[in-house]
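In structure tokens, one chain follows: the form predicted on its own.
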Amino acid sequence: MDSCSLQIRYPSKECMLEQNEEWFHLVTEDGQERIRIHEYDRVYDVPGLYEEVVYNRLQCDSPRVITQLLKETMENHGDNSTPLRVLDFGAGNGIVGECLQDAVNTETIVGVDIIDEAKKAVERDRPEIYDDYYVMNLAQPSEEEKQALDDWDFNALVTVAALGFGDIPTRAFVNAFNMVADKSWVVFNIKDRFLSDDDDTGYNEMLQDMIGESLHIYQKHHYCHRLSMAGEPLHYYAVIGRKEKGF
């Protein structure tokens, strides 16, 4: 089933929901199924569904914004000739990896996600993007999993549209951060609320402690990540930095 053949019914624009509670109906021959956007295992299971809802309908622009900012920052700091060995953390169905390949010089891209459905979607839709793809929980990685990632000798960490909302706890992000070498590029985005005093995820406190000694920030860009189901812009920060030392 491709995106052209999908039948999707969206809630009215008066339906105001938290970002992680937004939903739509997928219409099939078996009837109508209500699916939350953050119900990634189900969304990835249907070819083209994530792209149709998140990118076509809700105009998500984060993969392009993040990878272009990385490209510009590398060029501005005279480092655009160094091939990147990227840990794409929270890689999902591979859209970010695809944008990375187009934007910067990559030697290796390795994806990590916590659900099998993400890996299966990559193998189905974008089989040429990743050098390897692991399904693991980086909040509690085994020694074997740590070694498997260490062997890639990463010099860049990229995570897009995955932090907060309970999808990636702060411990998992710290573990990923510590798996890339010192002086690695560190690239991520995060909802603006999670970098404010209203944050309830732990990310604001953790990142404030990290920035400075462990993480040097080159760019912090406020932009529209995507639209809500009600048509309102959802604003995020894109952060481009470099790891100074482990955290």
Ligand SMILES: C[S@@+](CC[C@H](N)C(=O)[O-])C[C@H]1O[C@@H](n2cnc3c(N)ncnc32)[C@H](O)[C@@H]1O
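The numbering used is simple: start at 1 and walk along the sequence shown. The structure presented is a predicted model; accordingly, all values stated were derived computationally and were not measured.
What comes next is about the form predicted together with this ligand, which is not displayed.
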Can you say which of 215-223, 37-45, 179-187, 194-202 gets within 4.5 Å of this ligand in the predicted complex, counting heavy atoms only? 37-45
Look at the candidate spot formed by L157, I211 and G241 and say whether this ligand comes within 4.5 Å of a heavy atom in all three of them in the predicted complex. no
This ligand: the contacting residue among L149, C99, L84, A161 in the predicted complex [heavy atom, 4.5 Å]: A161
Of D125, D167, E72, D131, the only residue with a heavy atom within 4.5 Å of this ligand in the predicted complex is D167
Answer with yes or no whether I109 is in contact with this ligand in the predicted complex, where contact means some heavy atom within 4.5 Å. no
Considering only heavy atoms, tell me if V104 and this ligand come within 4.5 Å of each other in the predicted complex. no
Partner contact for I115 in the predicted complex: this ligand, 4.5 angstroms, heavy atom: yes
Although the partner isn't part of this model, could you tell me whether A121 comes within 4.5 Å of this ligand in the predicted complex, counting any heavy atom of the residue? no
Are there residues in 6-36 with a heavy atom within 4.5 Å of this ligand in the predicted complex, and which are they, in order? none
